[in-house]
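Have a look below at one chain only, the form predicted alone, in structure tokens format.
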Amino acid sequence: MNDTILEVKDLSFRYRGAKRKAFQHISFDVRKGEFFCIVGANGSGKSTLCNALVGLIPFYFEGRMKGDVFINGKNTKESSIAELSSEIGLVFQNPFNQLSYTAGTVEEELAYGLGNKGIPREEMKKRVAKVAKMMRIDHIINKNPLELSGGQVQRVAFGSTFIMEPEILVLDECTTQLDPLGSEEIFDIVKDLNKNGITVIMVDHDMERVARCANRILVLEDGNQVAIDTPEKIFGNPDMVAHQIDVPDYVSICQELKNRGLFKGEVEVEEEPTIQAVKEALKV
């Protein structure tokens, strides 16, 4: 049985007027229920790829696109952004880009997309209340979105995407406006959604979080696909640093200890070593 929910085939894109392609010859698939991460240095094409996955490319951003993106077997070129919104949703890196700027309250902002799809009023109210509580913004439900802090807007942006109940959630560094505690709260929500069957595609710069959450990782460098594999294979490969990819601190420490002959075991990526394990490795 084929459980592929999203497939990218030989995808390339160049923005109008740009001298070089934002990315080229990208091919991968994402399985239903997977937690799939995309990593790479600034300018590697991560955000542009996210825009292509949800149909903003080629319908919103001008440029030349080659290749295809399929969601549940349907080519995104043959679907409108509105049609795709019930299957795949994007939370932007800059949450202020996600506001409608037409809503007078957070409640109206959350309901904006539902209204465009003709969802009945009672169903809208139920979804808004549920998502507001989940995102911990129920106490500001009557505030104007333009009066909120960056972190609050980030939560509203996430909620306005998830309220559409897409099968696939694309997160483009969606915690940039949040403090560490708020960031972890959001990712607790993301992990719960994933456990309940939502497919997650995440761009993130926090390699500890990527190693902890991802089933597989796609590595981009200068718009090129460098590797796609499990966290163990990606972060366990010392050559990855040559592609401007950081590795979790504890992996670097263990690898250095291993190079010096002080650490005899394999470097584990799934969880951080305990204090006792580090002491034993250092023979202290």
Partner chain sequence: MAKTSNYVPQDSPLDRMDPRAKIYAIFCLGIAAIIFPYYQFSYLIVIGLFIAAGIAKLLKKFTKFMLAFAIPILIMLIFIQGFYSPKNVTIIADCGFAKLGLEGVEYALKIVGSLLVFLGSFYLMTTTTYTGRLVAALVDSGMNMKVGYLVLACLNVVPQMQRRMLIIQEAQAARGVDTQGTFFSRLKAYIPLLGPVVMSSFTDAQERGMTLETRGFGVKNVKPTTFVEAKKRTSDRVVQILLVVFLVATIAATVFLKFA
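If you superpose the two forms and keep the largest set of C-alpha atoms that fall within 1.5 Å, you have the rigid core. Just so we're clear, the structure is a prediction, and the values are computed from it rather than from any experiment. Numbering follows the first chain given and starts at 1.
The form predicted in complex with its partner chain exists for this protein as well; it is not shown, and the discussion that follows is about that form.
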remark   = Exactly one listed stretch (70-78, 94-102, 132-140, 192-200) reaches within 4.5 angstroms of its partner chain in the predicted bound form by non-hydrogen atoms, and it is 94-102
task = Indicate whether F28 is a 4.5 Å heavy atom neighbour of its partner chain in the predicted bound form.
result = no
key: Interface membership of E108, its partner chain in the predicted bound form, 4.5 Å heavy atom rule   = yes
message = in the predicted bound form, does E147 come within 4.5 Å of its partner chain, counting heavy atoms only?
response = yes
request  = With heavy atoms only and a cut-off of 4.5 Å, decide whether L169 touches its partner chain in the predicted bound form.
outcome  = no
message = Residue by residue through 134-162, which ones have a non-hydrogen atom no more than 4.5 angstroms from its partner chain in the predicted bound form?
response = L146, E147, A157, S160, T161
query = Cα of P120 displaced 2 Å or more between the shown form and the other one, core superposed?
reply = yes
